[in-house]
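Below sits a lone chain in structure tokens, taken as the form predicted on its own.
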């Protein structure tokens, strides 16, 4: 399966059929793909060539000069043939001047020195030059902790400055767009953001103006950088010049606890890192997965987490009685729901399920329906969410796990919503269990809900008709749970729990597991989420031979299996 996003440049990923060449790296002969970037050659063998303007997915600019290295080529004889040493390898003729590693590709017999005296002198000189006008204002810069300038100043700089003149003052707090702030005095003119806007976001509105020490980064007159991918420039800015309005000065990065997960804002399933502290999520940043999102993610997904800390969120189980809401103990709430569910004939029960649930949660919903139905199919449907695909990472399907819901056998992509509405109105369905969905958002309004004899709502933020629910069950957000989802390309990927549920809210798989026990499924007890996955892999052939551990952090491609089942 190929990546969902097409990078115009892949300097770190030469095609598989690329022939290998012999390269001498700091005295050792190694084999690398022909044409591989010298920075990437060093990286493959555990060596590091510092760089600012180079990015593996952007065009080569070669303007920071931080990646200077010493280069040699085979010495040639009178017949233009390489002179060989006693071991049969070329004798090296070193070039008198350093080269930039970002714009140099590996060729047969090339020699590379990454830490010679010449290289160290060059690195110190470049650092001194970059720090002429750039302040190392780490205490007030929001990039502290993630700043290459700060790190390189210690690792490759002289540790002192000979510059005694007054520094050039450049603009601060420049509004760059709806989500970006520029502190121009920190910009080192690497042009990563310019190339990203032009080559990936396809919004060519950023550039440099003026010359020399007075060069500044700016947005073209009358334009704003409002691309849905604009916040990726904050990630790739090697210094603290571009910062996110949403995250700026909210939290120091070294305080953040990081958890690997996936974005649930659409069906692409971009790989992310959730940054949190003390049960508060502060930011989502992309995690590299070349099979899904490469290095990027959209702003909409990146900022789409604030709802999990909403003041309107339900944080404890409760029941409505005579128009008032009363908190319940979990045992009492679950016992009430289980008893009422078992009172109705299966044909009168319906589940309105979210395709934002994990595969494990959907599997437990399926088991709950099977246990209640005892061979009779209970009505179930998922709520579709449609957006507009942008040709990059944004998917038209805004549910992250539609493929998982269909694979497990819950719902028919929302085609039966109208049927559900009619059945409730006709009193053919008298019990509704809505899981992470508000029925009124799909046209099942308050007057229709009034026909129900029993209505259970489980989720985060209730809709305006939630007072019709007899019992409310407080569920978990994507950041508060672990599980798996199948993205639009058929890749099974993992979420990992980053924070605890607020109040007395619980992970949804635990709620569903306890309900299963109460309605009569006694033969299996799930202690952890991997137990649910293992049970699912034994019963659903799509997951056959898979285990929780084999899925890994980058997921597994199930596209062929889904195609065979006409789901993809």
Partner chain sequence: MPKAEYRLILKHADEPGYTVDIDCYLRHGGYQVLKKALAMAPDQIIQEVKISGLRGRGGAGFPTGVKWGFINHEKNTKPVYLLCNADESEPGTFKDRQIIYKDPHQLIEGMVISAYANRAHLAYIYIRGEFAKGAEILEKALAEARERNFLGKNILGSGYDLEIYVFRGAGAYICGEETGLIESLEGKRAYPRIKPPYFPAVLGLYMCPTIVNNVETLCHVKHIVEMGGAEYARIGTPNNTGTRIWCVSGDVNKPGYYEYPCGAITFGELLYEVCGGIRNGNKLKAVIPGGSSAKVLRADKKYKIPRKKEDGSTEMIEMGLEDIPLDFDTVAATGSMSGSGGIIVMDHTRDMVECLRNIAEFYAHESCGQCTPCREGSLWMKKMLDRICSGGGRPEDSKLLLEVANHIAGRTICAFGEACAWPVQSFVEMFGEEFEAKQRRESSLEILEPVTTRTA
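What you are looking at is a predicted structure, and each value in this text was computed from that prediction instead of being measured. Numbering follows the first chain given and starts at 1.
Separately, the form predicted together with its partner chain exists; it is not shown, and the next lines address it.
> Please determine whether each residue of 60, 103 and 213 possesses a non-hydrogen atom within 4.5 angstroms of its partner chain in the predicted bound form.
Every listed residue reaches its partner chain in the predicted bound form, so yes.
> Mark residue 167 yes when one of its heavy atoms lies within 4.5 Å of a heavy atom of its partner chain in the predicted bound form, and no otherwise.
Yes, residue 167 sits close enough to its partner chain in the predicted bound form that at least one of its heavy atoms falls within 4.5 Å.
> Would you check, heavy atoms only and a 4.5 Å threshold, whether residue 122 touches its partner chain in the predicted bound form?
Yes, residue 122 lies within 4.5 Å of its partner chain in the predicted bound form.
> Please check if residue 409 has a heavy atom lying within 4.5 Å of any heavy atom of its partner chain in the predicted bound form.
No, residue 409 sits far enough from its partner chain in the predicted bound form that none of its heavy atoms falls within 4.5 Å.
> So in the predicted bound form, does any heavy atom of residue 312 sit within 4.5 Å of its partner chain?
It does not: once its partner chain is placed as it appears in the predicted bound form, residue 312 has no heavy atom within 4.5 Å of it.
> Using heavy atoms only and a 4.5 Å cut-off, determine which of 319, 336, 228, 133 is in contact with its partner chain in the predicted bound form.
So the residue touching its partner chain in the predicted bound form, by this definition, is 133.
> Of the options 126, 471, 144, 281, which one has a non-hydrogen atom that comes within 4.5 Å of its partner chain in the predicted bound form?
Exactly one listed residue reaches within 4.5 Å, namely 126.
> Counting any heavy atom within 4.5 Å as contact, can you tell me which stretch out of 498-506, 22-30, 529-537, 61-69 lines its partner chain in the predicted bound form?
Of the options, only 61-69 has residues within 4.5 Å of the partner.
> Can you name the residues of 79-101 that have a heavy atom within 4.5 Å of its partner chain in the predicted bound form?
Residues within 4.5 Å: 97, 98, 100.
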